[in-house]
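We begin with a single chain expressed as structure tokens, specifically the form predicted on its own.
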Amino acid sequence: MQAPEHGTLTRPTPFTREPLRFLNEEGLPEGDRDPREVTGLSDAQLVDLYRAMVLSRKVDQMGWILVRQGRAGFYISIQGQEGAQVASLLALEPQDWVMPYYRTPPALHVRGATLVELFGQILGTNADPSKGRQMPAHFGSRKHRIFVLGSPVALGHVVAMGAAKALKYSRENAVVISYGGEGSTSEPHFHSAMNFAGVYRLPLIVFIFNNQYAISVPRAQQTASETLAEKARAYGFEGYYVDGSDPLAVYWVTRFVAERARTNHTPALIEALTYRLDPHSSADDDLKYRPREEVEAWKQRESLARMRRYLEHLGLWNEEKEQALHAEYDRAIEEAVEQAEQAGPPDLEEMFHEVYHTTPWYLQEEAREARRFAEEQEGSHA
């Protein structure tokens, strides 16, 4: 789905105490504003947005299944955050860069990567663009302008800041969006990135998913700030507090700050109030730190259900279309997983290549040693 062509967007209000939103928890428009007029999204684009959200949910469910079946070693769920993730990605232009974090698998399929590549990364097979060099949930694709993230929390914000500085100096008409959870705002990397973005006026969007918990640490034990968005004040630019379960509001705010960043290199901080419906990861037991009643309450207002109700309100969706979409994606995902597994494991020597532009002599020597060792092991088991 391409971003719509339209004039200057209506300016969202920064530093609000309540999250910006168009849709209430029942998926109906609030007030007298037509979200389509404010966002510039057509009916067809609204349906495309919802389809991408459903695909993200289906991919996520398969990721959990692969772990339980022992076919993948680790997975981090995004269930409950699909609307904010997909909508913010669709608000970007193809030339923009994405710094993901481990809950950003939609970045691959939204920006044009195949499902085979996505599941190749989860499974660590030869279908993975990174050739199995990264642990699961460490997605990336240079072709689609998606950085490969590192594991340290918030480190990506600093790298994204540096990339934004390079874009400004090279006068490229592009922005960098850096994703992170609310736990990343407790790390020095976040503050360094924010400070330099403000000082140098960089085309950087720091997008924070406030999903209430940094693993098991609740937000109230991380910061005394009323919102996370207000932290932008200290760095000299604006922060926006948006309902992360309202994809239309997320799209509107992200689209606005991205266009402004391209025009005058104004950075921005976006806080999307959302919730992760699953445990932090496949290795986490969330029942130890949050009540099941809280999770069930958030399920009633999550983005997928809200967006579907809105489309039904407009007469654009029904149960028949829903069932057909699920059947289509189930087939596509099953085929993608099969192809990703059939690609087989990456060659042993892949781990030594592409670390540098030209492989240095000592890595070439290590590659030869690794190959000899592997051949000896195969011979001993013959």
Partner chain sequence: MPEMTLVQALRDALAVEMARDDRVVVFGEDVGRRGGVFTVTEGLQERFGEERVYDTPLDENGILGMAAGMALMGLRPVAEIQFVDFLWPGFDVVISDIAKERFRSGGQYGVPLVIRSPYGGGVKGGLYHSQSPEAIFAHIPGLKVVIPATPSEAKGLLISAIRDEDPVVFLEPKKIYFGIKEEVPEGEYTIPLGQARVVQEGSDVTIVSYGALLHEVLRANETLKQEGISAEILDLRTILPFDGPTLLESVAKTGRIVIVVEAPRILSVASELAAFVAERAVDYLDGPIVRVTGWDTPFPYALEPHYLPNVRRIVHGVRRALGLVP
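None of the values given here were measured: they were computed from a predicted structure. Positions refer to the first chain, counted from 1.
Unshown form predicted in complex with its partner chain; subsequent notes refer to it.
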Notebook entry, point to check: From the list Lys143, Lys288, Arg292, Arg171, which entry has a heavy atom within 4.5 Å of its partner chain in the predicted bound form?
Noted result: Lys288
Next item on the list: Consider the chain as shown here, without its partner, and state which of Ala166, Ala234, Met135, Ala305 has a heavy atom within 4.5 Å of its partner chain in the predicted bound form.
Entry: Met135
Item checked: Contact of Gly183 with its partner chain in the predicted bound form (heavy atom, 4.5 Å) -> yes
Checklist line | its partner chain contact in the predicted bound form: Asp330, any heavy atom under 4.5 Å | finding: no
Note to self: Contact with its partner chain in the predicted bound form for Phe352, defined as at least one heavy atom pair within 4.5 Å: yes or no?
What the structure shows: yes
Check: Does at least one non-hydrogen atom of Gln222 fall within 4.5 angstroms of its partner chain in the predicted bound form?
Finding: yes
Note to self: If the criterion is a non-hydrogen atom within 4.5 angstroms, does every one of Asp60, Glu82 and Ile177 touch its partner chain in the predicted bound form?
What the structure shows: no
Note to self: To test your reading of this chain, name the stretch in 297-305, 143-151, 193-201, 109-117 whose heavy atoms come within 4.5 Å of its partner chain in the predicted bound form.
What the structure shows: 143-151
Notebook entry, point to check: Since the partner is left out here, which residues of 190-226 would have a heavy atom within 4.5 Å of its partner chain in the predicted bound form?
Noted result: Ala214, Ile215, Ser216, Val217, Pro218, Gln221, Gln222
